[in-house]
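Presented below, as structure tokens, is a lone chain in the form predicted on its own.
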């Protein structure tokens, strides 16, 4: 695709938006229903495409990609009328005989750039917010998941006017061409390095952005916890999608008193999940490509492997792996792992664990396992993250009533449920003044009006 083609596509989309067709709430609801219907009709294709791209198990495909989206769509359909309705807010007494309203307005044409690890969910979930808010959207799926990218394009073409929802496939060159254009909003999910490029490109046009990035999400395990449940929940969150999840536990800090028991329980759990040879398990995914496989192989050089470590480059298989005796100086603790390698370190006091977490960039998620409520509160108050869980992992992403997003290096902005609608809406404040009365005090010549003004502000301030 040539840059001129992108400009023409964007021009047509802007004309479509300016026509006002996307603004009626009835239109938005109808299109959201059409989106759900089209995804449902392509379910088998989606599951097959995810299998082709990364051998994703059907259960994981449906739970994290398809079913997840149905919940988001239905939530938006049920609530978009109330979200879009202008809201009356209080008016300061200085503006007496006036009323104040906040109108949620769509930005216009949004660009949504998606990643490869959840290639359907992570472009369609923000699309739901863009549609609910009344925008047009241009989607750029990840070229690293080509089968899923192709299905996304077919879904859009089967149901939507291309001037309303458009999918453009391609590699880095296509993304670069898109970023030279002026969009009204950019929503990007991916790595921090590319996030900086996105933000730099957006700054040239003063385009607002949401950046959903990643980071080293810590998992802290207190000695006061149900170890069986704790380990199962950590193993599930870590090795789901072969660890290729932005909010997967990146490393574990386990209280020294239970570290050995933790490792033994984790080994038992992984054997029960995937068997003696996870490469034969139908429930275990593969690494997305050879580049990421080689990156993970390099990280295997750190620490001492106490379980797993097997891999097969020809099939991009890498076993669930536990790594002990890791230090903060090791490479595996200096970058986001994004794979099925779990480093485990110990701590003696909660303050020590907090110091380690706070020495690293702010993570996308924080997981703390403890039955001690005082320790829970201390962990939440003294560490910062985009989101997280107490006594669980990953599950917070599935809530339509909570914001999902990062902080610092792990991103900016939030979405899901109402937060998706707000992300793709501009809150426009409008004050409506009565013509029954006009205050002469505010008009020149001011003369001695400053004395009256001071008196007024002392009265109402």
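Numbering follows the first chain given and starts at 1. None of these values were measured; they are calculated from a predicted model.
Below, we refer to the form predicted in complex with a small molecule, which is not included among the displayed structures.
For a residue to qualify, one of its non-hydrogen atoms must sit within 4.5 Å of the small molecule in the predicted bound form; none of 237, 287 and 393 qualifies. The partner is absent here, but in the predicted bound form a heavy atom of 338, alone among 274, 160, 338, 293, sits within 4.5 Å of the small molecule. With the partner omitted from this view, the residue of 363, 320, 134, 115 that lies near the small molecule in the predicted bound form is 115 [heavy atom within 4.5 Å].
Using a 4.5 angstroms threshold between heavy atoms, residue 352 stays clear of the small molecule in the predicted bound form. Not displayed here, the small molecule is approached by residue 189 to within 4.5 Å at the level of heavy atoms in the predicted bound form. When contacts are judged by a 4.5 Å heavy atom cut-off, residue 282 does not count as touching the small molecule in the predicted bound form. Though the partner is left out of this view, residue 253 does not reach within 4.5 Å of the small molecule in the predicted bound form, counting heavy atoms only. The candidate stretches are 208 to 216, 297 to 305, 264 to 272, 379 to 387, and the one lying within 4.5 Å of the small molecule in the predicted bound form by heavy atoms is 208 to 216.
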